[in-house]
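Only one chain comes next, encoded as structure tokens, the form predicted alone.
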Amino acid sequence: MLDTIKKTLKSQQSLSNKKEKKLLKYLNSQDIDIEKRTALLRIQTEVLKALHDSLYSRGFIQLMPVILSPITDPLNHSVYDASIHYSKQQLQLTKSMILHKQLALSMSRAEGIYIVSPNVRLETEEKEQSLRHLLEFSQVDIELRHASQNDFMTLMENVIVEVLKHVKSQCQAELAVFESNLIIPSRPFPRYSSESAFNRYGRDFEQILSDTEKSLFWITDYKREFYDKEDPNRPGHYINYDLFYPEGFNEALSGGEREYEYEVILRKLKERNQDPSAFSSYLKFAKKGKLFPSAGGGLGVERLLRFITKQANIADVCLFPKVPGEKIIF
């Protein structure tokens, strides 16, 4: 079947068309990389199993993902609209389930929840050069009721170590295909504040630390979305964290403690020039005091696979990659 498609493409005079060249290149890569693709899918299966087993063993409850909703993570850096109009309502494609995780804890007695959540983020075209951004990806989204920053960071260090140990044990042949010498990190992982890292390394502190660190590490205290909790004792500082891979593989997870008080959420929305009416259903929950303190984060599945297999380009760990700025083939 692939040979037939390729012969047809080659015979077309319009082969000079850039889009068709990319399709031909993609089809050729399927012949060349079939062994790697098979090994990758086996590793991916074991990663997801290990993540599930690790969280299930700790009593976490699994939720199904939300794909469409009137509300989603705003992520102000995106310039493209990822919404659709249906039955006189504007619905958002999920960028992350952070708001729904908070609501889910309020609607149940679960102490910990997780979701393997598809996310759509229409990143700008220049993100293609990062080799780690996708328009469509999955993350394991986790939230802990009444948890602190330290609670969540400790949890994730344990989970990550368990996952890597499982993959190293179960996927020796597959790791060999990628020539990946998977090192199990020691706990606790190093921690840096964004302020101290910026003062020492400058604007590119994340990449510099990722290039030079020998183990996974944390960076804390980023100013970002309204839902990350502001330190009540240090205004302008935030109780949040990102987990990073060494060897230059950059960000693994992003998360933080959550704002849950209505007046604080409303103030922070206005400070960020966001329209509160866009979050009206969420704000109603908060105003009634139905949100709880929690901490959580989202672990990118494709980025974890990229780190485990030591692939330079995140597109190489996806069967159907959606890369910013590139023609989508399938």
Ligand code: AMP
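Just so we're clear, the structure is a prediction, and the values are computed from it rather than from any experiment. In this text, residue numbers run from 1 along the sequence as written.
The same protein also has a form predicted in complex with adenosine monophosphate (AMP), omitted here; what follows describes it.
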**Prompt:** Looking at L216, I160, L134, L105, which has any heavy atom no more than 4.5 Å from adenosine monophosphate (AMP) in the model of the complex?
**Reply:** L134
**Item:** Answer option from A252, V167, M156, I142, heavy atom within 4.5 Å of adenosine monophosphate (AMP) in the model of the complex
**Value:** A252
**Prompt:** All three of K36, L305 and P321 touching adenosine monophosphate (AMP) in the model of the complex at 4.5 Å, heavy atom to heavy atom?
**Reply:** no
**Request:** Could you confirm whether E111 comes within 4.5 Å of adenosine monophosphate (AMP) in the model of the complex, counting heavy atoms only?
**Result:** no
**Asked** Is G298 close to adenosine monophosphate (AMP) in the model of the complex, meaning a heavy atom pair under 4.5 Å apart or at it?
**Response** yes
**Message:** Although the partner isn't part of this model, could you tell me whether I314 comes within 4.5 Å of adenosine monophosphate (AMP) in the model of the complex, counting any heavy atom of the residue?
**Reply:** yes
**Message:** I'd like to know whether H100 contacts adenosine monophosphate (AMP) in the model of the complex, with contact meaning heavy atoms within 4.5 angstroms.
**Reply:** no
**Request:** Mind telling me which stretch in 207-215, 229-237, 81-89, 119-127 gets its heavy atoms within 4.5 Å of adenosine monophosphate (AMP) in the model of the complex?
**Result:** 119-127
